[in-house]
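Presented below, as structure tokens, is a lone chain in the form predicted on its own.
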């Protein structure tokens, strides 16, 4: 039975991610990815011409989801309730089934990401998301808190090292810390426009 093109692409991404995380991006070859998939290199090339293309595809999927979150946030009032809802949506995205391995890859291969255009795209989108979290309070402290709020969620995959912790427990801890940071971001001043 033939697998759909989308299914094959997702399998390639998953296996590449495993190898990149186990061995490192630089030490993993396309041949090793093809071997682990039990396909020819030509079959792999049909979907991805290089390791960079695989990484770019992983980042593009995340960038698209973050763009959707930013668009949603822009359509909402800049209130604490909106910030909390945005944070919860981001956490839901980060704790979706494939995200833990993506986050481990990002954490272990930061140098590679910085050199790829995909890494720059990701950085821009995360800063855009942070801007939405501090909408209405443009102070430097609010900007830092908003960025650290996101970092509290996505860094929980490598910063929380307690053995045998469940994903739900990890998410709960991440959201508690993120919410503490979020609480320090002020509401827009209704009279600020009149001053």
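Between two forms, the rigid core is the largest collection of C-alphas that superpose within 1.5 Å. These numbers were taken from a predicted model, which means no experiment stands behind them. Residue numbers count along the first chain shown, from 1.
Below: the form predicted in complex with a further copy of the same chain, not depicted.
Participant: With the distance limit set at 4.5 angstroms and only heavy atoms considered, check whether 48, 121 and 125 all reach a further copy of the same chain in the model of the complex.
Facilitator: Checked in the model of the complex: no contact with a further copy of the same chain for any of the three.
Participant: Heavy atoms within 4.5 Å of a further copy of the same chain in the model of the complex: does residue 164 have any?
Facilitator: No, residue 164 stays farther than 4.5 Å from a further copy of the same chain in the model of the complex.
Participant: Are any of the heavy atoms in residue 174 no more than 4.5 Å from a heavy atom of a further copy of the same chain in the model of the complex?
Facilitator: The answer is yes: residue 174 has a heavy atom within 4.5 Å of a further copy of the same chain.
Participant: Is residue 17 one of the residues lying within 4.5 Å of a further copy of the same chain in the model of the complex, judged by heavy atom distances?
Facilitator: So residue 17 does not count as contacting a further copy of the same chain.
Participant: Using a 4.5 angstroms cut-off on non-hydrogen atoms, would residue 110 count as touching a further copy of the same chain in the model of the complex?
Facilitator: Yes, residue 110 sits close enough to a further copy of the same chain in the model of the complex that at least one of its heavy atoms falls within 4.5 Å.
Participant: Which residues in 26-51 have a heavy atom within 4.5 Å of a further copy of the same chain in the model of the complex?
Facilitator: In sequence order, 26, 27 come within 4.5 Å of the partner.
Participant: After fitting the rigid core, is the C-alpha of residue 79 off by 2 Å or more between the shown form and the other one?
Facilitator: No, its C-alpha moves less than 2 Å.
Participant: Does residue 88 shift between the shown form and the other one by 2 angstroms or more at the C-alpha, the core having been superposed?
Facilitator: False for residue 88: its C-alpha shift is below 2 Å.
Participant: Would residue 113 count as moving between the shown form and the other one, using a Cα shift of 2 angstroms or more after superposing the core as the test?
Facilitator: After core superposition, the displacement of the residue 113 C-alpha between the shown form and the other one reaches the 2 Å mark, so yes.
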